[in-house]
Each structure stands twice: as structure tokens, then as C-alpha cells.
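The data below hold one chain only, encoded as C-alpha cells and taken in the form predicted on its own.
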């Protein structure tokens, strides 16, 4: 399935931050939505800011427009404020993009556990993210750092307990 670009993507002014505050807010909302949709479609979790400028999401070769590094930083800062991005370094050169927040992943995982009658079962983290039972589930292939945060959110809600096992970590669902 190919990625569907929003109409703004082929509109040249979209690639220049607008000076009017109202217009800029709408533009940033559209950029945030585009970045999250693109990352979700391609299952991207880690983004390098310098590489991002050459990525199709910020560089529309068809209309020969690309968003400046400074504008990309503004979009990423907006995503950070919304809880969808976390910087990996002080220089803000690499970031984690959370197109679905840990709580949302936790909810999906817990729904799967409940739907399949697996409450009071123990799983290794590998079984959850890469096991045959989860093949076809949206959380299948979830990166380890996000899986752990999702399970921590469930633990906080009292729906799961993260446990240490001989060969790594596991989780018990309630």
C-alpha cells in the first residue's frame, strides 16, 4: 500500500513557514499530521534531523521544494510539545518519533491480551513484539524501547507487571 500525501504537500507555500500566527498554527498542525502519518506508514521511530531534510516527507522533488532544517526543527518542537517526539541528544540532532504514544500502544496490547483470553499469562518481550501469536497485530515488530514504555504504562494502570527473567524481561498481564 502506497503512502497518500495530503493536498498541502503539492502546494509550494507549505514548504515555507508562514509569518501569520493563525496560518502558521494550521500549517504546523498539517506538518505534524504528515510527519506522524508518514512515520506510521513506514514504521519509522528514529529520525536524524540532517537526513530528514532529504527524506521525501520534507523534500518534494516533484515541485522542487524542501523544508529548511530550521523549519524542520520547529515542526519537531511542535511534535515534542504534543508528546509525540523525544530528543535523543542535547544538540537535537536525533529524535524518537512516537506516532502512537506508549499509553496507546499499551491499550492495543492489553486489548489483544484480553481478546485472546491471555490474562494472567506471562510473555517475554520478544514473544509480544516478534512472536507468531502477535503476527498481524499492529504492535508486532514494535521497537523494544517503545514496547517497554507501553508495558510501563500498563503497569502504572495495574494491568500488567514487568518481570525480570533469566533470559531478559517479561510481562504478566492481569
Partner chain sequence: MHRRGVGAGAIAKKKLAEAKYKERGTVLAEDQIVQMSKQLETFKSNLEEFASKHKQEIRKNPQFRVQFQEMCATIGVDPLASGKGFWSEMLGVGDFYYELGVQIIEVCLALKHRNGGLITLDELHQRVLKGRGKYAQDVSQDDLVRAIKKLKVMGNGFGMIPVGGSYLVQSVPAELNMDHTVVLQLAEDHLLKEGLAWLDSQASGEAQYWLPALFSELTSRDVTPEEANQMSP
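Model, not experiment: these values are computed from the prediction. Positions refer to the first chain, counted from 1.
Quick note: we don't show the form predicted in complex with its partner chain, though the next part is all about it.
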Problem set entry | Proximity to its partner chain in the predicted bound form, single hit among 27, 55, 134, 37 (heavy atom within 4.5 Å) | 27
Exercise. Does residue 156 reach its partner chain in the predicted bound form if we count a contact as any heavy atom within 4.5 Å?
Worked result: no
Problem set entry | Contact of residue 64 with its partner chain in the predicted bound form (heavy atom, 4.5 Å) | yes
Exercise. Within a 4.5 Å heavy atom cut-off, is residue 164 in contact with its partner chain in the predicted bound form?
Worked result: no
Exercise. Within 1-37, which residues come within 4.5 Å of its partner chain in the predicted bound form, counting heavy atoms only?
Worked result: 7, 8, 10, 11, 12, 13, 14, 15, 16, 18, 19, 20, 23, 26, 27, 30
